[in-house]
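In the form predicted alone, a lone chain appears below as C-alpha cells.
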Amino acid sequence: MELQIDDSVLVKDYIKGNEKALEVLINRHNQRISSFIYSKVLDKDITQDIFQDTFIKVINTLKRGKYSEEGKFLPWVMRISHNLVIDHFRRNKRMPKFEGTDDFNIFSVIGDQKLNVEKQMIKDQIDSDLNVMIEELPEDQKEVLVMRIYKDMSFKEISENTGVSINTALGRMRYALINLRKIIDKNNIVLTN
C-alpha cells in the first residue's frame, strides 16, 4: 500500500521549489474540482478555463507566500473555483438576478394563471419587495437561500457546491431567514395579499 503525502506537506514542498508537488496536488484533486465547476457551468471548455484560472490563482497565492496552511487546501481551492464561477457568470450576465424577470421569478413557481389585474399587481409588488430584500443579504447567505429555495438543492448538494460543511450551509440558511425577517420588520413590509 502506497503512503499518501498530506496536502499540507505537498504545499510546503511546492513553496520550497518542488514543482512536482503541485502536479501531485492538481492530479489528486482534478476530478473533484472539475466536476464541481462543470456542475455549475455545464460546459467542458469553460470548465477547463476556470480550472486553469483556479490553479493560476493558487500558484500566485502560494508564490507570494499569502497562503496560511490550516490543513484545508481542498476547501480553499474549491472556494477559489467557486468565486471564479461566479465571476464567469457576472462577466456573461448569466447570473440569476432578483429583478422579477421571467427567468427568475418566485411567483412563476406558484403559477396561478387566473389572476385578475389587481391581484397580479399585488403579487408583482410582493415579488419586487422580496427580491430587493434578498439582495440586502450577505453574499454567502443569499447564495445558500437561492440554491435551497430557487434551485431546490439539498443541503448536501449546497455543501458540495460551496465547499462548506452541511452545518455551515444550514447556519447560513438560518441566518438568511432571520435577516429577511429583520428587514421585513425594519421596513414594515407586508408580504401577503
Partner chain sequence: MEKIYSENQSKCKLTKANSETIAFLMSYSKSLQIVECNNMQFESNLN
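Source: prediction; values computed, not measured. Numbering follows the first chain given and starts at 1.
There is another form of this protein, the form predicted in complex with its partner chain, and it is not shown here; the text below is about that form.
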> Would its partner chain be touched by all three of S154, S165 and K182 in the predicted complex, meaning a heavy atom each within 4.5 Å?
Replying inline: no
> Since the chain is shown here on its own, which stretch among 155-163, 33-41, 138-146, 124-132 would lie within 4.5 Å of its partner chain in the predicted complex, judged by heavy atoms?
Replying inline: 33-41
> Is there a non-hydrogen atom of I46 within 4.5 angstroms of a non-hydrogen atom of its partner chain in the predicted complex?
Replying inline: no
> Using heavy atoms and a 4.5 Å limit, would one call S68 a contact residue for its partner chain in the predicted complex?
Replying inline: no
>> Using a 4.5 angstroms cut-off on non-hydrogen atoms, would L22 count as touching its partner chain in the predicted complex?
In response: yes
>> Pick out the residues of 49-67 whose heavy atoms come within 4.5 Å of its partner chain in the predicted complex.
In response: F51, Q52, F55, I56, I59, N60, K63, R64, K66
